[in-house]
Structures are given as C-alpha cells and as structure tokens.
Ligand SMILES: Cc1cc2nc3c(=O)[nH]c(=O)nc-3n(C[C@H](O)[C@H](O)[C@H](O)COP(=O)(O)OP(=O)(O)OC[C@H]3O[C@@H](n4cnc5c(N)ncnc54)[C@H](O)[C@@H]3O)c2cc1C
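Just the one chain here, the form predicted on its own, laid out as structure tokens.
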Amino acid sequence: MNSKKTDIMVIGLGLAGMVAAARAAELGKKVVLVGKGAGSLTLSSGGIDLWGYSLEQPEKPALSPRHEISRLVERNKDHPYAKAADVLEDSLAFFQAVCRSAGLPYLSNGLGNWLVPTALGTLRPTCLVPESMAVPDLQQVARILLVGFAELKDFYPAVLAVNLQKCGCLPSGCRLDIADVRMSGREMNAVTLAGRLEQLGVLEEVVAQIRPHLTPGTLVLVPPVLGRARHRQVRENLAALLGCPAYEVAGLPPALPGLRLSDALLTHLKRNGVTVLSGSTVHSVRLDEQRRRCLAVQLAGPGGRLEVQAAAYVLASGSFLGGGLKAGPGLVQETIFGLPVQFDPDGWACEEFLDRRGHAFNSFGLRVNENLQPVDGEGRVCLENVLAAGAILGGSNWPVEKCGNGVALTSGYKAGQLAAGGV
C-alpha cells in the first residue's frame, strides 16, 4: 500500500470540507482533501443560507439572519451555530474573497437576506448569492419577463408566474409576461443547455426571440442555465445583447449555481496547493493504542489503496445524503470513525411530509465541543485530533431553518483554522 504524509486531511468534498481545506491551506498547512463523489454542493441552489425565517414567526423570512442566529445560540446550545458563530463574520469574508479570486463574486444584501425567486415561484431567503441571482427588490418592479426554454423540462415559467403573483411580493399593477424560446427541439437538461449558451451564435438566436417581448424597465428572469465554465461571459454577452441585465432564479437540483461554486472552490484549492483525491472512499482508519488519536486513514480509489497520515483530520462527510451517517433498526452510525451519534430512536419524522416543524432525522448527528471535537454522551472528547464540520453535526434542522450552507461555511472555516493551529 502506498502512503502519504500531510499536515491535515479533510474528508468530504462538500462546502464544509472545501472551506476547511482552503482555510488550512491559507494558514500554510499541507492539506489532502478526499471525497468519494462530487459533493452535495453540486445539488444545492448555490446560495449561502445563514438563517431563513424568523424564530418567532417561522412563516416570515428573517429580516436579519445575524440577529436571528445570535438569539438562537442563546436558547439552543446544541445547535452547530452555538459552536461556530464566533467566526461567522470572518468565514463570510473569507468565502467572498475566495470566490472573488476564483471569478465567481458573491454579493450580500447589506445585513439582510436576499429574496431570490425560485423555479416554483416562491421566494428563497438567502444571505449571499452569486451576481447572476442578485435580483433587485421586486417591490420596485413594474414588469417581469419570464423566459422559458421549450427543450428544458425542469422549468415551467407559467408555474413560476402563477405562484409569484400569489406570494404577495409584487407591487400592485406589476405585469408578468412569458417568452417561450425554442432551440434545437431536442430535450436538454440544465447542464447541456448551459453549454450551448456558451456559444455566442446560439445566444444571439435566443436573444432574437426574447427581444420582441422587452419594454423599458422590464426585469428579465431566466432559469439557472447561463453557462458553466464561461458563466460570467455568457451573462455579460446576454446583458449586452438584451440591453438590460437578466437574472437566474433558484432552480431544482442539480443546479448550475451549485456546480459553478463547486468548480470555483476546487480551482482555488488546487491553485493553492491542496491535494484533491476525488473518487476515493475511506476503507479503514488506524488509531493509537489508547484509541485517543487517529494515526492514519486508508483509502480505496482509482489508483488502488493509499494510507494518508496526518497530524489532524477534519470530518466533513455529510449526513445521510452524503454517506456520513447510516441508519439501521433502532440505530444511527457514523460511518468512518464509529463516533457516537445524537439521535432520538422514537422520533424520526412528522406524519405530514411538509410539516413546518421539519423532520427530526435531519437534526441527527455528532455532538461536538467548542473546538468542534466530537464528544460522547458525557461530554468527553472521542478522538483528540479529529474535528467535525458541516451536515454531520447534529442539532440543526437545516431544511426548515434554511441554514445548511451557512453551518457548513462557518463550521468548515473554524475546523480548518483549528486543525491548522494544532488541535
């Protein structure tokens, strides 16, 4: 078996893992980042949701996510933000700087949330968005043009229009129109369509069909298909050809904004010397005799077996979706180190699928101390040189709280920083 020594090993190619690796590399450490797949970030909307809704009135979007988080950590000491909110502002600034350097700027809406229209016509509260999704205040818009593509089967502008009119976010008299664009006639997914729009000639043909629907002051909304590798150029070309900007709505997974963010972070990591081993699964771990520290992690990948020896390890392997947790009759297991999982065997889910309280299994995960070290039921550290970040942390019902990427960002940043400091 081949072996490799490094300062820090990060397990997980999602947002938490990549941010942890980026922060540790920035602090001068040698980092190996491993993952078995593309990471759940590629399935996300691409926005950084810090906190979506009011604690007191959960049906209303949070006006100030930072204020809600500060109140949350006072009342819920088991929430991941209670362990990582001390680096919230630093992590946001770090993330924006990394994305800007990678050519994918993320914008804030002051201290509040953006309200980004979704493909279903709802409004998604999110703190940071890429430029392409930074939709102006809809209350100031007199006319909206929704652009659909006949070949794209996951986006229905008529549905978006009906629900957007129902949501009460538009000013009185605001008009919504639809422009149906036709291309090759063959069915395409979002990634294929995005690749076609990177060709200037194709984009010109699309604009020729949209332009007759435009009037001065129209806000143009399109599905998230404005390019992948050349996304910025596609958007600039589209704005120049239309004579006005166009904005992407939040789409269904897999969504281009999440893919672009994953691409940008991977580019940054490789540019800064991080060794990325994708397609690798953890085969086993080797602990010291006292079972207090991890000595090595053994991987199985395309090149065979590899043992990675590190001073510290960041576990960002995700929850059930990412494979960091697995469930069986009456139990939930952490899949790599066998760490204890906090869960309620009698309370997995609500009867109603769309219950506003959210399903309890989403909050199952690891308990950690202030240094993000996993602890047992008595609060004792399980492995001294292992830290956890992201969705594997218990205590957050992220689908209803709308804080998944926010927790991943802050905890990943803190884990990378602490690991680099020798925890």
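Start at 1 and count along the sequence shown; that's the residue number. Because the structure is a prediction, the values reported are computed rather than measured.
The protein also exists as the form predicted in complex with this ligand; that form is not presented, and the subsequent description refers to it.
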property	result
Contact residue in the predicted bound form, chosen from 47, 365, 374, 65 - any heavy atom within 4.5 Å of this ligand	47
Heavy atom of residue 275 within 4.5 Å of this ligand in the predicted bound form	no
is_contact(residue 253, this ligand) in the predicted bound form, heavy atom dist at most 4.5 Å	yes
Contact label in the predicted bound form: residue 16 to this ligand, heavy atom within 4.5 Å	yes
Proximity of residue 11 to this ligand in the predicted bound form, heavy atoms at 4.5 Å	yes
Candidate stretches 303-311, 278-286, 338-346, 101-109 - the one whose heavy atoms come within 4.5 Å of this ligand in the predicted bound form	278-286
